[in-house]
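A single chain comes next, written as structure tokens; it is the form predicted alone.
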Amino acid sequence: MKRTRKPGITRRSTLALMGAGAASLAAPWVARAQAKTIKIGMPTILSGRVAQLGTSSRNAVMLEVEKVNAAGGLAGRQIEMVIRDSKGQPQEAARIARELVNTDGCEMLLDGEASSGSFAVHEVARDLGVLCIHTCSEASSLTADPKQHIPNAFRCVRQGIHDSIVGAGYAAGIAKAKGLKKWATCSPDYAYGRDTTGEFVLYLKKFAPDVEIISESWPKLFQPDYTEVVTKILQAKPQALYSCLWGGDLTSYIDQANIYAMFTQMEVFAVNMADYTALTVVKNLPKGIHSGDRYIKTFPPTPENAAWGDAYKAKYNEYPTNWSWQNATAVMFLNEAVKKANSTDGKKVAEALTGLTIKCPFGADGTVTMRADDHTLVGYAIGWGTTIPQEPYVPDVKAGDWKTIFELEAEWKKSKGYT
């Protein structure tokens, strides 16, 4: 990997001193080298409509970094996070990522961007060869498409295809039970929205062949007014609606759709609803929206998950978000990979990350794995349920089956020409 050379002590000069018999001088030099902080750069969205998600990413990272530093750091090196605001603009995210490495001396990147920015940061990581963990982008192609694969990049995030397989299975059961044959979709017009909606519809029709999509809407990312979208859906008169709008876009959409009582006229499946950032912001949360789990402290229903959610709230006076657990897990992976590699060298850490399984509060069985063949996260808790307007918000989450996810994901990859 390309490394930014900094003035001062290098491994070569340290070895030269030792080789010259300067053992009495070498020990202090080595001690100072090991004590040097390791800078980790993080572009994320800290302003604009989805700033709450970027802030929650930063908060979760710092919560875990404090634990790592208190335990001695990464291979004895204290972590210094360098976090910058991309404003949700892909070009700015790429510019910041390059600057974090080349100017600020960051040796690793946590890419806290939405999919619109992550593909841009990915190209910077490809060019610089720096270790990069994507922590927010759910667009399946980021790691599923072999053309995107680089040995130094990983994705520590739930993935759209996983959500779609579980969500479509859940939705198909309800569609069959209630006779929901006419469906509409409304999702953001960029890679994540297009990909995830297509994958959901693919599996919905596989599990419930009678389903028909009678209306599609693709609002722009961060669109302020959804009046035209809402009225288009109402005029089509679907029996059910799927959406993967998220963050501030989702809450604005729901608030505006409430004016037209849209949620009383059809069954709604909004994969990103069950996240505290949406659940607590919507003015009048409709009862009975179906959603995938994002972050709620009651799923997975384990003491470790509940304790992590409470610790986050105690520190930041609000509950974490979906982006929070993903960013926290990335720091957990880095910590364990450095221990395994016994080094902070990016190439060695990347080799240690590949196929690594760690204990994690967010794992379906208490562990998660960085899958070796495509560098993406698997084994996390995933499920769907129905919202209520007060805590616990989604009282009964039906967990997805990873055996089924793996089988159908493999078929999907083959159909896309990825394998």
Partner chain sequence: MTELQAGQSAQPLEVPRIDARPQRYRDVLIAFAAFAVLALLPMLFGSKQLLDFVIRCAAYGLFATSLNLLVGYTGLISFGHGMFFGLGAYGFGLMMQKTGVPIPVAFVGTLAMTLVVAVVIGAICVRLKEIYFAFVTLAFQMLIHSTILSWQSLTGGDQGLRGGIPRPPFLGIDLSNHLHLYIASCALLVIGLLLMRQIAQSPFGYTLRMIRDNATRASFIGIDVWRAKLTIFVLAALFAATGGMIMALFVSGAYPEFAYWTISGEGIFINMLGGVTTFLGPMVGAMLFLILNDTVTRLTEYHGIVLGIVILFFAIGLRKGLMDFVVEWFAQRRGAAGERAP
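Everything numeric in this text was worked out from a predicted model, so none of it was measured. For clarity, a rigid core is taken as the largest C-alpha set superposing within 1.5 Å between two forms. Residue numbers count along the first chain shown, from 1.
What comes next is about the form predicted together with the partner chain, which is not displayed.
Practice task
Pick the stretch from 136-144, 170-178, 223-231, 248-256 whose residues have a heavy atom within 4.5 Å of the partner chain in the model of the complex.
Solution key: In the other structure, the partner sits against 136-144.
Practice task
Go through 123, 336, 318, 80 and name the one with a heavy atom inside 4.5 Å of the partner chain in the model of the complex.
Solution key: Of the listed residues, the single hit is 123.
Handout entry: 297, 98, 158, 290 - the one with a heavy atom within 4.5 Å of the partner chain in the model of the complex
Key = Flagged contact: 98.
Handout entry: Non-hydrogen atom contact residue 381 with the partner chain in the model of the complex at 4.5 angstroms
Key = Output for residue 381 is no: heavy atoms all beyond 4.5 Å of the partner chain.
Exercise for the section: May I ask you to check whether residue 148 falls inside a 4.5 Å heavy atom distance of the partner chain in the model of the complex? Expected result: So residue 148 counts as contacting the partner chain.
Problem - Contact of residue 88 with the partner chain in the model of the complex (heavy atom, 4.5 Å) - result: Answer yes; at least one heavy atom of residue 88 falls within 4.5 Å of the partner chain in the model of the complex.
Practice task
State yes or no: in the model of the complex, is some non-hydrogen atom of residue 190 no more than 4.5 angstroms from a non-hydrogen atom of the partner chain?
Solution key: Residue-level check for residue 190: yes, a contact with the partner chain.
Problem - Contact set, 40-76 vs the partner chain in the model of the complex - heavy atom within 4.5 angstroms - result: Residues within 4.5 Å: 46, 47, 58.
Problem - After fitting the core, residue 73 CA displacement of 2 Å or more between the shown form and the other one - result: No; residue 73 is a residue whose C-alpha shifts by less than 2 Å between the shown form and the other one when the cores are overlaid.
Handout entry: Yes/no, residue 246 Cα shift of 2 Å or more between the shown form and the other one with rigid core fixed
Key = Residue 246: C-alpha displaced by 2 Å or more between the shown form and the other one.
Exercise for the section: Determine, after fitting the two forms on their core, whether residue 221 shows a C-alpha shift of 2 Å or more between the shown form and the other one. Expected result: Where the cores coincide, residue 221 still shows a C-alpha shift between the shown form and the other one that is 2 Å or more.
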